[in-house]
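We begin with a single chain expressed as structure tokens, specifically the form predicted on its own.
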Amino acid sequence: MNSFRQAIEAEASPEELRSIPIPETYRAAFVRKDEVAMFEGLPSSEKDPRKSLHVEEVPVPEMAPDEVLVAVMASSINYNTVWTSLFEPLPTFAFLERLGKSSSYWNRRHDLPYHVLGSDGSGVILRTGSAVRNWKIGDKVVIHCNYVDDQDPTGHDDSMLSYDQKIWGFESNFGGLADLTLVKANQLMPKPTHLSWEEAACNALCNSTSYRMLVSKNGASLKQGQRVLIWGATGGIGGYAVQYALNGGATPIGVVSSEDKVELLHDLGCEAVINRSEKKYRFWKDEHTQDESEWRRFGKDIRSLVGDDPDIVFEHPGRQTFGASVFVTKRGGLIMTCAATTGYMIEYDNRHLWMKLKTIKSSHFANYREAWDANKLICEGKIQPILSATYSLQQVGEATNLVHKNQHEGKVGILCLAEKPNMGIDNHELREKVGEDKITLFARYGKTIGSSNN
């Protein structure tokens, strides 16, 4: 892969890239099927991704006609990376086995004794399949993770409703935490020209998710003047949600866990911020009993900041916060949920939902149009990357453990073929126009917040 790295750094032509032979193997981060029991009996907090993640050479898979082979310059860590590395809530090999049972020859490639993970990536196309029309060798791209069969009619109104919909690098193999990846052509989007490889790589999954949840007609259809409560407002999806609320003329109320994060949100433009560590909310009296008085205290704090209850609650922590989220939402308001990082078994008081005509609406990643529109806003400098730290591919276990322990903000980037940070910037004029301080806000605060967490 060194030949490809050097050629990409030298801005080689498509003909020059085509002349370099594809190697038989490539470097990748993966988990092993024969190690799925290695953390058996341990609580999640004691499971260590540094023990389960391997970075070694694996064979280059055969390319299907509708696929492209991409040299991955950078990738990033997502929560599905953490889940894969911990083998919970179940080992992802169950997904690969199910995919392998398909009648499709191409799907059967994914069922392997190792799983190359990663659901983000930026890089350069090295090869295109015979059915690929809109992309060519040498194109600089970012990759979104909606892995869907475009011949499946169930997905043609909204591909997230496809019976065959999967998340690339989590429910499929050959993910982005590697020097090469194999993706469907309909996963590709243009790389933002003013961003580095790692800044470009960190956006697609979380930015698209936040866009669908708040902006899209499939989500909240955000309106000017609405109040939006955002849990984890400096986290992977929360950092984009705050930007969408501000851009859309709404008032975000960010919930964070430290004073450093409060300051970060203020610099981002979010004036209403709640430091939950300072407030010491205890929404649960014990493992089985929630405390409505704490919900009321939380709601009072929100109203003291913005004058009313939130029209929309951007919900993703799940079990620990969902009861409070339902309670504090405005009469007729919307709880928009996409995840459950603190637990999937949700409990809330249904009286506060039905009697006040509130709605719970679910969301999962984004369709191609939503991902493309969200990426366009990145490309135009209207939404900023929220990259806070960057590691090498060899350090993927350490980076994943950082996210597992919640000792990060925004997104954690991974350099794959890129040898050092800040490479791959083509449009310096646009970067200057957008502003270095805006683009690197999370990175500057990441150093402070990371050191305070250690």
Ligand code: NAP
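Just count from 1 along the sequence shown to find any residue number. Treat the numbers as computed from the prediction; the structure is a model and nothing was measured.
Note that the form predicted in complex with this ligand isn't included here; everything after this is about it.
> By the heavy atom within 4.5 Å rule, which residue out of F87, Y114, F298, Y79 makes contact with this ligand in the predicted complex?
None of the other options qualify; the answer is Y79.
> Just to confirm, with a 4.5 Å cut-off on non-hydrogen atoms, which of T209, S119, N173, Q384 contacts this ligand in the predicted complex?
The option sitting close enough to the partner is T209.
> Counting any heavy atom within 4.5 Å as contact, can you tell me which stretch out of 136 to 144, 230 to 238, 349 to 357, 120 to 128 lines this ligand in the predicted complex?
This holds for exactly one stretch, 230 to 238.
> Under a 4.5 Å heavy atom criterion, is K191 part of the interface with this ligand in the predicted complex?
K191: no, not in contact with this ligand in the predicted complex.
> Does any part of A201 reach within 4.5 Å of this ligand in the predicted complex? Heavy atoms only, please.
Although this ligand is absent here, A201 would stay clear of it in the predicted complex, with no heavy atoms inside 4.5 Å.
> How about K47 - does it come within 4.5 Å of this ligand in the predicted complex, if we only consider non-hydrogen atoms?
So K47 does not count as contacting this ligand.
> Taking heavy atoms and a 4.5 Å cut-off, does F365 contact this ligand in the predicted complex?
F365 belongs to the contact set for this ligand.
> With the partner left out here, which residues of 244 to 261 have a non-hydrogen atom within 4.5 Å of this ligand in the predicted complex?
Counting only heavy atoms within 4.5 Å of this ligand in the predicted complex, the contacting residues of 244 to 261 are V255, V256, S257, K261.
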